[in-house]
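First comes one chain, alone, set out as structure tokens in the form predicted on its own.
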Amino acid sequence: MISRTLKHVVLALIVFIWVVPFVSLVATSLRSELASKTSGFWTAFTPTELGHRFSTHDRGLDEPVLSIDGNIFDRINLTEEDFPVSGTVESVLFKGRVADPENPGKTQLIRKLVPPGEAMSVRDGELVFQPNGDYILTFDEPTIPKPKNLDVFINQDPVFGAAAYEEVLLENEDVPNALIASFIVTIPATIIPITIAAFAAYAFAWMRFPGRDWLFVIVVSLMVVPTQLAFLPILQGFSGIAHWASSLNAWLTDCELSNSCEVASKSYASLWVTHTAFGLPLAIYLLRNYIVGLPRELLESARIDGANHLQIFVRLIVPLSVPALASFSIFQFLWVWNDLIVALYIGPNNGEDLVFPIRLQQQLGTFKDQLHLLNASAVISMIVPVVVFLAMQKYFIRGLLAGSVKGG
């Protein structure tokens, strides 16, 4: 009983640790800029006291009036179309000069919060407001008053909107370009290594050739090589290839006339190759452990029927290995989609070709304290891998565990 309770507590703690940051990102991205700057995300679901500014009336009064009435919420919402304000008016900040009781004939500057129902002096008149936002500004004699901006504090009802997503997706081209660039990098960098690994895993599992076991050990041992150590030789290799390609381009074409001979050493292709190289050892290991556990009798029957290795691989191994293939696809897709360091050093540095993690890092300086925009971009970057995982989750655990309990 204690063991089961402990498991439930640990599971609940893990869920809490993962869910709270995600809720924080989503909630902040759906709030207004003012709300995200002045209060924490946990206040987004309950009424929160926030400050706003409204004008008593519009400019352009032509005739003298004795009173002006209106509603504070209506005035505020003239400029808050995306996040309409509602709730209860708590107070209005009064700033002005009044008679100094200690110094007759002189005035003093005061600031105070005026509660609902109490009159306050505004433009030589008296303004009285109610908790529901209704107010009336009265004058002793007909006059044409100028508008007055007042600060009001409202116990504001929760309000959410998609303005941040509209801004980062429609008004800013960087995020859509980064999404396209990430798809261009991630899809080939997932398909290429899993295709190569599937062929290699079949060879290690069911084909006989000299040095097979030692070669498999070498491939598996590559998983412990730190990624950072490989950057220097990889960069040197791509630089050499780019220099050779530039020379070949200059020799075969008249690119010198247009000054277009140089071939970039950092490109989408370099990212595909690098991610393929980094992903192959684990992919071969997982797929080999899965394929070697498939029924030997099935493959022997196919050989008796005259099937060669390619036919066995395409018609038997691939359909039976869908869970393992899907499992690694999820891993590889998530790694490449969220990768920053490889894209930063190996990928293109052209502003239009930057992948999403680099663009998100740069937004820390672009948006600065605009948390709602930063969080909206972060949520967008999370949606794609979440959709991929949910679409393939039925294969995930089955594919991983199947290769871990059998060997050959």
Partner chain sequence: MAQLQLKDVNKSFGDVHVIKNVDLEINKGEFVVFVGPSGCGKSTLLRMIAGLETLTSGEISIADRLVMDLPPSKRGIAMVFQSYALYPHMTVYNNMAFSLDLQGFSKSEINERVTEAAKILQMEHLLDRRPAALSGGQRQRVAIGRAIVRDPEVFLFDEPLSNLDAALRHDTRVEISKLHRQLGATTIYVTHDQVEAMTLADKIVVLKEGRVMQVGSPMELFNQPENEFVAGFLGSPKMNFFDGQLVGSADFQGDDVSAQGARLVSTEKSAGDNVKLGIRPQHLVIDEQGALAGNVTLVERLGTETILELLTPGGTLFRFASAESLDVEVGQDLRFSFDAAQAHIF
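Positions refer to the first chain, counted from 1. Remember, predicted model here, so these are calculated numbers, not experimental data.
Although it is not shown, the form predicted in complex with the partner chain is what the next lines describe.
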(message) in the predicted bound form, is there a heavy atom of the partner chain that lies within 4.5 Å of any heavy atom of Asp213, even though the partner is absent here?
(response) no
(request) Give a yes/no on whether Ile304 approaches the partner chain to within 4.5 Å in the predicted bound form, heavy atoms considered. (result) yes
(request) Using the partner position in the predicted bound form, report whether Asp124 sits within 4.5 Å of the partner chain, counting heavy atoms only. (result) no
(request) Give a yes or no for Arg315: in the predicted bound form, does one of its heavy atoms lie within 4.5 Å of a heavy atom belonging to the partner chain? (result) yes
(message) Counting any heavy atom within 4.5 Å as contact, can you tell me which stretch out of 295-303, 329-337, 80-88, 282-290 lines the partner chain in the predicted bound form?
(response) 295-303
(message) Can you pick out, from Val114, Ile241, Leu320, Ile136, the residue that has a heavy atom within 4.5 Å of the partner chain in the predicted bound form?
(response) Leu320
(message) Can you work out which of Ser246, Thr195, Gln311, Thr143 has a heavy atom no more than 4.5 Å from the partner chain in the predicted bound form?
(response) Gln311
